[in-house]
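Shown next as structure tokens: one chain only, the form predicted on its own.
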Amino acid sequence: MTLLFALLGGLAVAIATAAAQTEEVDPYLGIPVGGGPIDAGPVPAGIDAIDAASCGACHEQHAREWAASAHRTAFTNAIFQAEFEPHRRPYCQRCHAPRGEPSAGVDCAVCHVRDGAVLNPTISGRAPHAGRVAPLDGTLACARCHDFAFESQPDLGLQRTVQEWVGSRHHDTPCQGCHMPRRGRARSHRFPGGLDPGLLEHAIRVEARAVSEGSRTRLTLTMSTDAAGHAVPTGDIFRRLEVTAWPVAAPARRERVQRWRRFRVDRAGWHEREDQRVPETGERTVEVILDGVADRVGYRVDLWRTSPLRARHRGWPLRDVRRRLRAGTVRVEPATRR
């Protein structure tokens, strides 16, 4: 019965999200389709301003966490700017600077201020400002900027993290369970995500097998999601997995294979050809062929925020664009005789 209610709850969220995306403004937080632009409204009575520095005067811990988060640099980070600057489409700014203040990125007021009130899942009554209860502790609070379609192609998901979550085995845990973990009575506002070592450590499971095939060696990695409640990688379509393999005795002889969402682009728009990511359910198998005979094979699985070629062309440091998901070695099995 618990499983049934969980499945029905996930389905309800999916339906509600889809319904909200057909409206100009969603009925939950008043956020327009695509994330913004957001008009936070008048400054709530009892405070002088709604910028992050002003909020941090009282909410010091939350402000420090947010300042170190990807929300803080949503508009200013180099990878976004490289894609945004050539065209400067307002559609992109809706999620990366919803209040129209690029230096602020996704700041406190984006989620917490509307129509002269500070929104929160619970209200203590002791705050010096006007407040109102709002459902900020559920997945719908995140859906606007993490599940949306191409601007001119409403039937093709540009990002579909919430849809993936609905279909995952973690659909009974809202986004905040992993991305705003509890710290005492409050939740963290550091918003750990695709660059966080703690989350990446448990994002996927990997089973490795290497087999000798005459003059070459075949490495097969079978990958599935672990703690992640969505595909890996999720979000931006430029993100990808890279599997690197090498004979342990000759580490310079490396081969690489990349997997991502593959598209074809023509005058009619974008067309998704294949989704090669690790799915939210099921498995993804990746094979790497190495020339020569080996006793042991080493491997690693990396998440790239953009293509390695583009990263190198732009001169972005590896620490900004690549994260390790898994690594290991496996003994090579002899070829199976027929």
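Residues carry their position along the shown sequence, with the first being 1. Being a predicted model, the structure only gives us computed values, none of them experimental.
One more form of this protein should be noted, the form predicted together with a small molecule, which is absent from this view; the next part is about it.
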Item to check | Contact label in the model of the complex: E83 to the small molecule, heavy atom within 4.5 Å | outcome: yes
Checklist entry - Is there a non-hydrogen atom of Q176 within 4.5 angstroms of a non-hydrogen atom of the small molecule in the model of the complex? => result yes
Checklist entry - At the 4.5 Å heavy atom threshold, is Q276 in contact with the small molecule in the model of the complex? => result no
Next on the checklist: So, N77 and the small molecule: in the model of the complex, are they within 4.5 Å at any heavy atom pair?
Outcome noted: yes
Item to check | Stretch in contact, per heavy atom within 4.5 angstroms of the small molecule in the model of the complex, of 261-269, 248-256, 215-223, 190-198 | outcome: 190-198
Checklist outcome for this item: Note: exactly one of G100, G116, P128, P154 sits with a heavy atom within 4.5 Å of the small molecule in the model of the complex, namely P128
Item to check | Of V286, L290, A63, A311, the one that lies within 4.5 Å of the small molecule in the model of the complex (heavy atoms) | outcome: A63
